[in-house]
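Presented below, as structure tokens, is a lone chain in the form predicted on its own.
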């Protein structure tokens, strides 16, 4: 007898699978990480208690975590809406940069007497339009020439980063403050800064959560969302039913780019308060892809996953303060990310172990000869 491992698509996963598997994956990561901490000479229980205190214990810690989670929610939503249609937007990072560039231009250009509501509204609209435009640069080749959107969106990230760096470090542009000895962006006026809720936590968290709820409702309760999901399941069947796959490709990538760009608006208006490439270029867009995968492209699931990853990142600096080497901190964070993401495989697939009889070997039994029909 031999054992075979068979992997089958799970189809519709029950609640226990959808919530239990990620929880078990997290527990496994914490146990494995505890072993690594012990080998490195650290107390695992003290390390995990420090992580909890630094990220989730009390409103002060929670506000720091939510502040970091704000752009992660938006970039996670950007990836999730594209993944719903099996379109893979890897360009959230570049779209975030374009949103920051456009929003900071509006904030610096409009008069300082502009009411805050109008100023912030104009910045959000300008940032969203810039991100949608940047995403359409990849969407048009995808829709009409079947170009690989993974490559085009990824390459556009580097173009956007170079553009942002050029505006501050390589030129005397409108964005750069000439009075600063070290190149940096002009500070936005007070009416262009998102109101603070508590410490570093700003109004952007409300925008992000509202965006998640609205996007979930659109995808689940409107014909546009139904068509997006149908095209994701079978583009050929959707086209046969009269759905415009090309237009939906343009639309979904434009929405995805706009959401990622709003993350750039929240960063430039709520955190850096000016176009500061070093503060903005922190790979938030790439982290959003991980969030969308773990959340199974569910907009409501993006919010807790983003908060969880933000909590891990927030706790990293505190771990170093109790003597844990920075390499061990990065290893622990990466281990948790990897294990939770890998657990997604078991949510989507079922693994079966089957025992089968071994094939007969030559010589195990007497040879037989087949006779032609009618022979004796």
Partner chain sequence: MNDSLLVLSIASAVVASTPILFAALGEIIANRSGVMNLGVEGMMLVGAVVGFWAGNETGSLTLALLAGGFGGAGLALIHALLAVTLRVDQTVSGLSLVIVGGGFSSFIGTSGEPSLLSAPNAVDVVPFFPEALRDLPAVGPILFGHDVVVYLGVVAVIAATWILNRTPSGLSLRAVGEDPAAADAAGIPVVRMRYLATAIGGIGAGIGGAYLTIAIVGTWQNGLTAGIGWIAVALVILAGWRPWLALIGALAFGGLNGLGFTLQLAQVDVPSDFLKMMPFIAAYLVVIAVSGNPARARRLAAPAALAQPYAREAR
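Residue numbers count along the first chain shown, from 1. In this text, the rigid core denotes the largest set of C-alpha atoms whose superposition between the two forms falls within 1.5 Å. Keep in mind that this is a model prediction, so the values were computed, not measured.
FYI, the form predicted in complex with the partner chain isn't displayed, but the following is about it.
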### Query
Among 207-215, 110-118, 124-132, 137-145, which stretch has residues whose heavy atoms lie within 4.5 Å of the partner chain in the model of the complex?
137-145
### Query
Can any non-hydrogen atom of residue 337 be found within 4.5 angstroms of the partner chain in the model of the complex?
yes
### Query
Can residue 330 be called a contact residue for the partner chain in the model of the complex at 4.5 Å between heavy atoms?
yes
### Query
How about residue 85: is it within 4.5 Å of the partner chain in the model of the complex, going by heavy atoms?
no
#### Entry: Touches the partner chain in the model of the complex: residue 249 (any heavy atom, 4.5 Å)
no
### Candidate spot 151, 156 and 341, all three touching the partner chain in the model of the complex (heavy atom, 4.5 Å)
yes
## Note on the structure
Exactly one of 293, 197, 245, 300 comes within 4.5 Å of the partner chain in the model of the complex through a heavy atom, and that residue is 293
### Message
Looking at 30, 347, 325, 62 here, can you tell me which has any non-hydrogen atom within 4.5 angstroms of the partner chain in the model of the complex?
### Response
325
### Query
Using a 4.5 Å cut-off on heavy atoms, what residues in 17-52 are near the partner chain in the model of the complex?
36, 37, 40
### Task
Classify residue 69 as shifted (yes) or not shifted (no) between this form and the one not shown, where shifted means its C-alpha moves by 2 Å or more with the rigid core superposed.
no
### Shift of residue 309 between this form and the one not shown at or above 2 Å (CA, core fit)
no
### Task
Can you tell whether residue 290 sits closer to or farther from residue 334 in the model of the complex than it does here, judged by CA atoms, where the change is 3 Å or more?
closer
### Query
Which way does the C-alpha gap of residue 287 and residue 345 go in the model of the complex, closer or farther, given it changes by 3 angstroms or more?
farther
